[in-house]
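The chain below stands alone and is given in structure tokens; this is the form predicted on its own.
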Amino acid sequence: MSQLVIETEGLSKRFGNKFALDDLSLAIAPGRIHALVGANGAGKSTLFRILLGFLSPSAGTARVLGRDCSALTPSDRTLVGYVNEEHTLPEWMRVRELKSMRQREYKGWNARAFDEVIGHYQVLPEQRVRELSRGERAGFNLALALAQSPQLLILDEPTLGLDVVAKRAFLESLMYSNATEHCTVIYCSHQMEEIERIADDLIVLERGRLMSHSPPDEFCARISHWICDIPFMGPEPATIPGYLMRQKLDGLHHYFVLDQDAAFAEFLRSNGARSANCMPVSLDRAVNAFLAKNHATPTHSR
């Protein structure tokens, strides 16, 4: 594939007076695992519903694999795999029956991919879906999705509610499946430790807008965490260059700032800091600080 896997231009979706998506222009190239993150209400679910052709936009365009999302054919849909947080499957069916049905539906069925993924779980062919644990259901759902040989796989909070062991099994079965070598994965999660482990690309949405799109390490490099000893409240947030978030812990001030270099230490000292030290920032803290700033900023009126 040489074309973009996902492309939106000026995409907006309005529910009453509220914009779930607001002039969103996004371009995702083929291959790799692209993580989509954002606070609740950022527009992630709305974006997925439009990309899957389940919802029409209020304005703008959206294309998947070069196809207009509002005119996807049954053949187009076979190229897109989808796993949601509920792992919705027919509970009355047996594992072997559901697998056989899906195998007949998809001409490009990848038996090796199914076996690789399901091998991480103790799922028996004669079990009914309702008899599977949440973790087993998640693994079975992923196995079915990858076995259809999708060019695009959308995973919407797939590990929500799973225990530590089940999460690890899900991530490993995703990362080491041969099927992921031939498709683009969009992984939506609030779990930054998962994103840090698997993502090659990080997309940050807030209030329906694209706030950042870069590799995770480049995103973290833009955010610095400064710890300083200031004997009073310190400078007002509006005066702080690149201000994202401030905390006070054990008598020390913690500042998270965007796109600031070593000169920021001089700014702190000029505002009364007796010491100023820059600390490494994890992806979790970087995303939280970035979203804290942008979530507090009101959207423009329409």
Partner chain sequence: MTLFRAEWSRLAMYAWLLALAHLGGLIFLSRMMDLGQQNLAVHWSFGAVYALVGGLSGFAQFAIYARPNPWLSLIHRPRSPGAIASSLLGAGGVVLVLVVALPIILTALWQETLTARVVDTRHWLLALAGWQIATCAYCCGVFAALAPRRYAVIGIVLLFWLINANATGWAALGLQALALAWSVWMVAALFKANRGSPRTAGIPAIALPLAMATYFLALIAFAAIELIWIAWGTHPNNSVPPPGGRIEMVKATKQERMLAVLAASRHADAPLLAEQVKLSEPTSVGSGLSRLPQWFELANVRPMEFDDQRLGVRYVFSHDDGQLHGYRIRDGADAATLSLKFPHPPLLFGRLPGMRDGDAVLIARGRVYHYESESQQVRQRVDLGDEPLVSLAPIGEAYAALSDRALYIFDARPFVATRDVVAPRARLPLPGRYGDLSNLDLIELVDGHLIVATFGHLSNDANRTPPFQTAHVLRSDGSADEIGRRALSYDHVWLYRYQAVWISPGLHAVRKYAKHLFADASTLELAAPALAPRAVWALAIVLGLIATLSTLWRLRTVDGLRRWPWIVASGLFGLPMLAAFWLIELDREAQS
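Residue numbers count along the first chain shown, from 1. Not measured: the values here are computed from a predicted model.
Although it is not shown, the form predicted in complex with its partner chain is what the next lines describe.
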Requested in this report: Please state whether every one of the three residues 57, 74 and 78 places a non-hydrogen atom within 4.5 angstroms of its partner chain in the model of the complex.
Outcome: yes
Report summary line: For its partner chain in the model of the complex, the stretch among 46 to 54, 253 to 261, 267 to 275, 231 to 239 with residues bearing a heavy atom within 4.5 Å is 46 to 54
Query raised in the report: Looking in the model of the complex, any heavy atom of residue 101 within 4.5 Å of its partner chain?
Result: yes
Query - Partner contact for residue 106 in the model of the complex: its partner chain, 4.5 angstroms, heavy atom - result: yes
Query raised in the report: Even though its partner chain is not shown here, does residue 212 get within 4.5 Å of it in the model of the complex, heavy atoms only?
Result: no
Requested in this report: Using the partner position in the model of the complex, report whether residue 88 sits within 4.5 Å of its partner chain, counting heavy atoms only.
Outcome: yes
Query raised in the report: Within 4.5 Å of its partner chain in the model of the complex, heavy atoms considered, which of 151, 127, 191, 84?
Result: 84
Report summary line: If we test each of 160, 93, 198, 166 for a heavy atom within 4.5 Å of its partner chain in the model of the complex, the one that passes is 93
